[in-house]
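Only one chain is included here, represented as structure tokens and corresponding to the form predicted on its own.
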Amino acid sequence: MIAVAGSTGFVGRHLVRRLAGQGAAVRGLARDAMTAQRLLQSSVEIVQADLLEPVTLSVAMQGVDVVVHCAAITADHKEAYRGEYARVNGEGTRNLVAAARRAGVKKIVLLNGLGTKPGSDGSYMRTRWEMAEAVRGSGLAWVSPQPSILFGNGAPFPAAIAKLARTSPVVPILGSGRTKLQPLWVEDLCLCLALCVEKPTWDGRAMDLGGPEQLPYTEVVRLILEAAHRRRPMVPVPLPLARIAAGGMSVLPNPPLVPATLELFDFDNATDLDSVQKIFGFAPRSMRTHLQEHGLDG
């Protein structure tokens, strides 16, 4: 039995569909079981579970061989309350690990982000590091693919840029615009995750992954605007000013920019161009080609 924590999220939905399509016994863990029933295949067992409610995790882990952890809060989401990133990502992962250990789970596959490092106290990056530390210290077999930004049907980043282009006369470019990104197709990521579930080949490794192109942030935005059939001037916004703006927008229920996102512009979000080919043995899809052939929703 394979349990997927975060089964109704962007990556979780795609991964559950792939695993179920391969005939695997899949259990989707979700805080909202009704939403999961609507989004996931009928062959998938759905169990209500919350990373912050250990009792629900104990039930959810019974009979599970491998758990895939895709349930973190990502950097594009506003904290519902101060400290939510740390509580969900750090404490929540520790709760999941503890429940897995008690239930005799054999392996944890952790989806994290490219370039995960300790970070400073109180930073979003620190909560990603805490996830990694909890899994590494679990005493169980573990593996952690860490992708760059993702594209594909329902991908949050391209959707956010396209939405901004529909509602704003300009598109802000954070920082210099030269920050390198290495977009990875979500289906290619899910193939990597499925291989990690199936084989022990990469156990004990955290692996930075990216697509076949390293693109400056401005070029990624340009490709998204082109796929969305929008022409908008791109206006550079220095990071110090962007941080002030993100702080001010935090009063909004769903702000277009949050401070956590800006932490990811402190470094190039890129790795070896052949990372997927070298590690998993297949060539990932190019974002440029994919958008030209399938648009934003392919």
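Start at 1 with the first residue shown and count on from there. Being a predicted model, the structure only gives us computed values, none of them experimental.
As for the form predicted together with a small molecule, it is not shown, yet the points below apply to it.
Only one of 167 to 175, 97 to 105, 218 to 226, 147 to 155 lies within 4.5 Å of the small molecule in the model of the complex by heavy atoms, and it is 147 to 155. Leu51 is the sole member of Val66, Ile46, Leu51, Leu257 with a non-hydrogen atom within 4.5 Å of the small molecule in the model of the complex. Between the options His77, Lys180, Arg136, Arg126, the residue in contact with the small molecule in the model of the complex by a heavy atom within 4.5 angstroms is His77. The small molecule is not drawn, but in the model of the complex it has a heavy atom within 4.5 Å of Gly113.
Although the partner is absent here, Val26 is not a contact residue: none of its heavy atoms lies within 4.5 angstroms of the small molecule in the model of the complex. Contact check for Gly9: a non-hydrogen atom falls within 4.5 Å of the small molecule in the model of the complex. Contact check for Val197: no non-hydrogen atom falls within 4.5 Å of the small molecule in the model of the complex.
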